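Before any questions on binding or motion, here is one chain by itself as structure tokens, the form predicted alone.
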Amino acid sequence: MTSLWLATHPISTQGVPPVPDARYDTVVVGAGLTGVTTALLLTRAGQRVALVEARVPGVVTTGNTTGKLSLLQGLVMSRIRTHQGDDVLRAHAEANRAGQSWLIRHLNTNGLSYQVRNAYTYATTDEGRRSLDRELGATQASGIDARWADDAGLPFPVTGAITLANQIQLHPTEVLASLLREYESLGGVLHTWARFHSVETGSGCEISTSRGQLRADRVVLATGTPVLDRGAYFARLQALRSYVVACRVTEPVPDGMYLSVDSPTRSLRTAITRDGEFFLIGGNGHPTGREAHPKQAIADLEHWTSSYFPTASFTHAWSGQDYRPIDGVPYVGHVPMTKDRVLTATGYDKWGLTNAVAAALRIAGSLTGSDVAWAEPLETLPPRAMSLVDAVRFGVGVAGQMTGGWAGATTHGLPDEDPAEGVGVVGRVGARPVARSTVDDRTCTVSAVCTHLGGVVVWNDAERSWDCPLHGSRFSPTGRVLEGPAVDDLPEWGGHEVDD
């Protein structure tokens, strides 16, 4: 599956080969919006920066987002208020406002196209309307002027809606490409197809990648979820996948940007690209690796769309992954046990455009001695009762997936016959779980044990990937890492490592 953004504006820059043992002020790992913006800000400040990407820029979260630059963010504000209180809530809102404003300035300065729209959060049930009540109260307490909407302009009944005027929809890979161009024009270094493996911290940082060693004073991990286990971020984040379809329609479509609060969620917006105008419908999210047939999520979105927009002709379908923090707010700052030399940003709860830039502003400010005032209440968050409850619930779920995955994978042997095209199966060979799939007429057999913490992977029939239900690591049919926290490939069965 390829997103509308990556299909209409792929990022082709390959950067330059690494120079052995090159030395930088900062190495930024991950060339999505967080990493590229951080690298650009540091380069503007005069630092020597290397940006390291496992594949090519934008192919993970940034290239698979819905592209909404909005301060109206579903139920995020009420969730933060419940977990952290009003002081942190207001600081989070100010951070997002700063991120939005910075990116709008970049759009205007560089002549990038975008559309100004009213954003809506709506409900279709009575319980959903009560959730909207809480969200409206929290949003207004944060200083954001959301209001009840008398008419959401939707072609189906709703029980309530709140709205915020003058929000932005954009083309995320066009924006990312623009940021990259400026970064490279200022002398910033980009290394693609260089997977980060580890970092050792002492008087400096020794960074190990699949294309060699780098040295730096500081490292920023902008990898979706931190690919270091120090700090145990994987135990404080829930990996979530959600789906989007794009279509062309001839009948009128709603003009705003929409998100429902009831399950299954629905996200709506238009998109104007070099190939014309499209209508985007998203939703059907679930914890990564815990949905038996993700392909059905796409079919359900198409069926739902056709029921309200009968002329819909579907052109693209894709999926993206983001991380929900148990504390309600993103984790931005120093990684523990790294001598304050490694920083990270994660846990955007599906609102990465504003949060990514806000995180970059915080990290770059910290590394250049120009801290932002609104970040102070977000720096040290004490454990709260609600967060502890969520942590226990999440831990129990992970433990259940670990036990159930091994039990299910070792109760039956791996079938002798090759799977059908697009199918993956897991079974026992000896005492070990083994994964076998057939994709594009090629059958591959790899270890079924995730290289992060040993969960048993499951087949994703939509993405044709192996996904770990513990902490969201994902692998290609050949075993190559697609998303962390894993950094090592699934070994080809027989003990040989899979080539990149």
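Numbers for residues come from their place in the sequence shown, where the first is 1. Computed from a predicted model, the values in this text were never measured in an experiment.
The same protein also exists as the form predicted together with a small molecule; that form is not shown, yet it is the one meant from here on.
Enquirer: Looking in the model of the complex, any heavy atom of residue 320 within 4.5 Å of the small molecule?
Expert: Yes, residue 320 sits close enough to the small molecule in the model of the complex that at least one of its heavy atoms falls within 4.5 Å.
Enquirer: Answer for residue 284 alone: is it within 4.5 Å of the small molecule in the model of the complex, judged on heavy atom distances?
Expert: It does not: once the small molecule is placed as it appears in the model of the complex, residue 284 has no heavy atom within 4.5 Å of it.
Enquirer: Examine residue 39 and determine whether its closest non-hydrogen atom to the small molecule in the model of the complex is within 4.5 angstroms.
Expert: Heavy-atom contact with the small molecule at 4.5 Å: absent for residue 39.
Enquirer: Contact between residue 374 and the small molecule in the model of the complex at 4.5 Å, heavy atoms?
Expert: The answer is no: residue 374 has no heavy atom within 4.5 Å of the small molecule.
Enquirer: Which single stretch, out of 434-442, 64-72, 41-49, 458-466, brings residue heavy atoms within 4.5 Å of the small molecule in the model of the complex?
Expert: Single hit among the candidates: 64-72.
Enquirer: Looking at 152, 253, 298, 194, which has any heavy atom no more than 4.5 Å from the small molecule in the model of the complex?
Expert: Selected residue: 194.
Enquirer: Could you spot which one of 80, 244, 214, 342 gets a heavy atom to within 4.5 Å of the small molecule in the model of the complex?
Expert: Among 80, 244, 214, 342, a heavy atom within 4.5 Å of the small molecule in the model of the complex occurs only for 244.
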